[in-house]
Ligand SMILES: NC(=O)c1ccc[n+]([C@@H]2O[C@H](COP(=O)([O-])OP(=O)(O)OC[C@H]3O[C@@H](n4cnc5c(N)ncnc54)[C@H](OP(=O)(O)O)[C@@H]3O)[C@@H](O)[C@H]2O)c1
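Presented below, as structure tokens, is a lone chain in the form predicted alone.
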Amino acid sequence: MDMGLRGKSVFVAAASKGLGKAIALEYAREGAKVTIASRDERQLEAARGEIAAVAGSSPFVVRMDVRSADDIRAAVRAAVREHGGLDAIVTNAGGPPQGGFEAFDDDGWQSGFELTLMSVVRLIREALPALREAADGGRIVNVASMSVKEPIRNLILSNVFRAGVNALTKSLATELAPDRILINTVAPGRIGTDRLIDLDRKRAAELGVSVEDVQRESAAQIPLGRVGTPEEFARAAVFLGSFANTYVTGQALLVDGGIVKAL
């Protein structure tokens, strides 16, 4: 399938590792002009090298902390200047801290809000002028979590604010349709990233069991019997954020191996 991405300008947030890096790599493989952004410059340079080695083209790199409105403004504008416009943007951020309701004071809630929801609001707001000018319309992909359909134990900040991201997606699908901008949420389940390993370690410590025991128990709950790979997730995200997608907007796509049972 031709994704219609050759020569298109794509911005991927939090792309120095994990799901963001996998998405950026998949876009680069499809011939897009990719900008990767992250606050960790060392990891960004490493990601640039990995993507260039596989895809044959080097992404444009910008430092950006998704909690900073100034950083977001500067990074998106730099990408537009570098590539002469913007056709698609992927919003993404590291997950907020683990914990239940009583684990967080006002500062903790505000921090989770800034990281998980306001980063998406600001990235989209900054990208919209360029997306509206894109020749074939624009694409927005919001990376969230399967918690948009089913809350996850001990991840209350993620549950609350990622649900907000999904509500934003649904609302903007209607607002942006006249501009030929399609927007969707892609929601990972248990995908093999550093974030998942860290959560499994904390869970194992709570239960007094090995990480391997936690991972086996979790895999047994997934109908496909295993965790997903970042590459599998990236292929789904890139389709929705491509120009092969011409009629899917306002949706939340679960990439979860079937673990979420909600309709």
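Every value quoted in this text rests on a predicted model; they were computed, and no experiment measured them. Numbers for residues come from their place in the sequence shown, where the first is 1.
Although not depicted, the form predicted in complex with the ligand is the subject of the following passage.
Check all three, 17, 190 and 194, heavy atom within 4.5 Å of the ligand in the predicted complex: Answer is yes for this spot.
Which of 203, 29, 48, 67 has a heavy atom within 4.5 Å of the ligand in the predicted complex? Checked against the cut-off, the match is 67.
Given that the partner is absent here, state which listed stretch (31-39, 51-59, 234-242, 212-220) has heavy atoms within 4.5 Å of the ligand in the predicted complex. Among the listed stretches, the partner-contacting one is 31-39.
Looking at the partner-bound form in the predicted complex, is residue 92 within 4.5 Å of the ligand by any heavy atom? Yes - in the predicted complex, heavy atoms of residue 92 and the ligand come within 4.5 Å of each other.
Looking at the partner-bound form in the predicted complex, is residue 115 within 4.5 Å of the ligand by any heavy atom? Because a heavy atom of residue 115 falls inside 4.5 Å of the ligand in the predicted complex, the answer is yes.
Taking heavy atoms and a 4.5 Å cut-off, does residue 96 contact the ligand in the predicted complex? Judged by the heavy-atom cut-off of 4.5 Å, residue 96 is in contact with the ligand in the predicted complex.
So in the predicted complex, does any heavy atom of residue 79 sit within 4.5 Å of the ligand? Residue-level check for residue 79: no, no contact with the ligand.
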